[in-house]
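Each of two forms of one protein chain follows alone as C-alpha cells, named structure 1 and structure 2.
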Structure 1
Amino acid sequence: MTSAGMKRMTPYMFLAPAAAIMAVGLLYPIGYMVYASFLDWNPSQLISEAEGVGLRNYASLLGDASFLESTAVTLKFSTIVVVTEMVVGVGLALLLDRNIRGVSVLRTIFILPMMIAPIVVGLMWRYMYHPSVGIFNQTLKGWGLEPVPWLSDADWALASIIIADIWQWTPFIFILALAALQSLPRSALEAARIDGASGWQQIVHIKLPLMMPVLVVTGLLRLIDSFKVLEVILVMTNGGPGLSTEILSLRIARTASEFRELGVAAAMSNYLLLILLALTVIMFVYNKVVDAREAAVRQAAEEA
C-alpha cells in the first residue's frame, strides 16, 4: 500500500476498535431482540428451543387493548411532561441569565432534583402523596379542604406522576438552555439593545431563534428519555390504578417477568424502538430544514 493510501486508511484504523465495540455492545443486542420477537419464547427455554411464529407477536399486539392503552398513556405522559419541562426550563434559564446576587446558589438548587436516584424520587413523592399522612393532603386538611386521592384515582394518578417527573427533569432542560443562552453572540444582543429592542423583543426575535438548534436536540433527548421512564412509576403506582399509569416500558417489563412472554416483550420493545426512531428522524429533518432556511437567508443577505 502506498503512503497516500496509508494516510487515507489511518483514520479508519483508529475508528475500527470503537466501531467493533459499538457493533458488539449495540448492534448485537438489538439484533438479538429483533430475532426474539419472531419466537414464542419463555424464560424456561433456551432461545434455540423456542418455536418461530413469524409476525404473530406483532399482529397480536395491534389487537391487544392493554398494549394500545399503554401506548396511549405513554404518548400522553411524554407529550405533557416534555412540553411543560421545556417551557418551565427555558423560562427559568431566561430568568436567571443575569448578574444578580445569589444567582449561583439558585442555579445549584434548581439542579438538585435530577441528581437524586429515580427510586428515591418515587419513594419520596409516594410518601408526600400518602392519603392520610402525606404533606399534600395534610396541607389541604389544614385549609379545610377535602383530601385528594393522588395515587388511588386514575385521573389523579397520571397527574401525580407527571408532576413528579416535571420536578425531577426540568433542571435538565434548565441547564442546557442556560448553557445555550450564555454561548449566544453578545454582539447580536448589544446591537439589539442599541436599536432599542425591549427585553421581550430580544427574547422572541434573537435569543430563542439562536437557541433553537440546542432546544430541539434537548427536547428530543428528553422525549426519548420520557418514553423509557420506569423506576419512578413502578415505585409510585406500579402502573395502576388499572392501567392508568402503565407506560410502555413498564408494560414490557411486566410482559417479560410476570407473563413470561419474552417474544411478545421483544416485539413491544421493537414497537417502542420504531416510535423513538420516527421521532428522531422528524427532529433531524426539522433541524435540516431550519439550517437550510437560515443558509438561504444568509446567502440572500450577502447577495443583496
Structure 2
Amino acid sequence: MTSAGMKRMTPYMFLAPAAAIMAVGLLYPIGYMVYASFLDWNPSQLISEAEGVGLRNYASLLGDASFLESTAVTLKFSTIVVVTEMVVGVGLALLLDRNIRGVSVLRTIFILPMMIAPIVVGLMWRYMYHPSVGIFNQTLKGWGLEPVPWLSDADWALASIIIADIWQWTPFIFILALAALQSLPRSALEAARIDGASGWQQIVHIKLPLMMPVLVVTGLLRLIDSFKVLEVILVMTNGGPGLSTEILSLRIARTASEFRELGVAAAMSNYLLLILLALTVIMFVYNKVVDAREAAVRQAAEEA
C-alpha cells in the first residue's frame, strides 16, 4: 500500500520544483499583471495604494494614436519578416539539399547569427548603418552614389531593422526546412523521379506538400518569436525616428519606465499576450489536427 502510494507520488515529486518555480516566477507575475492592468499605478506607489480604474486603461489604449501606430508597426514588421524569411529560408534549403562535403561546417556558420546576443547584433548593424563610417554608405560613396539615411529616415529605418532581422533569423528557417527535407520518405521522391517528374515538379508536388506540417509550425514559431524582438531595435533606433520602428515590446518598456504608467503598460502587455495566445492556440490545434490525420491515414493503411 505504501509502495503504491509512493509510486503515485513519484511524478509529482519530479514535477514539484519546476511547478513551484513557474508558479512563483511566471504564473503569479502574469496574474499580477492582469490585476495591475485595471489600476492607475505609477512606480513610486505600492500596488495596494493604486486606484482601480476598471477597463479605462484598455479603453483609452484603443483610442491612443501612438499605441495603434505601434501595433501597426509590429504587425507590419512581423509579417514582412516572417514571409521573407520563410521564402528565402525554404528556397535556400531546397537549393542546398545536396550531398556535398562540409555541410555541417556550413550549418555551423549559418547558426552563428542567432546565437549572438541581440544587443550585439544591434550594435553591429548600427555600426554598419552609420551615416559616414558605416560599410553601406562607404560602399555607396565608393560607387559614386548618394548615401542612404539608413536609420534616420522613417521609411528606411523600418526597412533597416527588417533587413537586420532577416539576416539574423533566416538561418533558423533554413535549418528547420533542411531537416524536414532530409527526413522526407525517400520512396516518394524515388517514385516521382522514376515517373519522370522534373526537379521543379518534384518540389511543387512532392517536397513542399510533404514538408508543409513542419513549415507551418516553423512559421508560427518564428511569428511568435518575432513579437519578442526588442533588443536589436532598441540598440539600432530606440523606436525612432518618431514612432516608425517602435514595436509593441518597446512601447511597453517605454510606457513603464519613461511615462511611469504601469497600469497602461500592463494593459498593453495583455493585448500583446492575447495576440500571442491566439497564435499558440492555432499552432497547438494545427499540430493535433495533423497528428490525427496521420493516425487516420496509418489506420486506413493497416486495415487495407
Partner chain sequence: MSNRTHERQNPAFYALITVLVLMSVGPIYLMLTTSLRLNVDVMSDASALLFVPTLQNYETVLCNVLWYEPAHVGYCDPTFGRALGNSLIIALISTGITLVVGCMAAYALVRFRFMGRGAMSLTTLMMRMVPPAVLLVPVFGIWTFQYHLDGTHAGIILVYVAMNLPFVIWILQSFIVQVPIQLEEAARIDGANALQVFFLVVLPVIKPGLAAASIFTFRIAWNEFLIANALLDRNSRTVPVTIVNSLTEYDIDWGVIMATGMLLAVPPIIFTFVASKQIITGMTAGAVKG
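We call the rigid core the largest set of C-alpha positions that still match within 1.5 Å between the two forms. Residue indices: 1-based, along structure 1. This structure is a prediction, so every number in the text was calculated from the model and none was measured.
Pick out the form predicted together with its partner chain: structure 1 or structure 2. Only structure 2 fits here, because that chain is the form predicted together with its partner chain.
Core-aligned C-alpha movement of Leu272 between structures 1 and 2, 2 Å or more: Not so; Leu272 is displaced by less than 2 Å.
Any CA movement of 2 Å or more for Gly52 between structures 1 and 2, core superposed? For Gly52, whose C-alpha is compared between structures 1 and 2 after core superposition, the shift is less than 2 Å.
Return yes or no for Leu62: a CA shift of at least 2 Å between structures 1 and 2, with the rigid core superposed? Comparing forms between structures 1 and 2, the Leu62 CA shifts below 2 Å.
Once the two forms are fitted on their core, CA shift of Ala19 between structures 1 and 2 in Å: C-alpha displacement of Ala19 between structures 1 and 2: 5.4 Å.
Using a rigid core fit, what is the CA shift at Val281 between structures 1 and 2, in angstrom? Comparing the two forms, Val281 shifts 3.8 Å at C-alpha.
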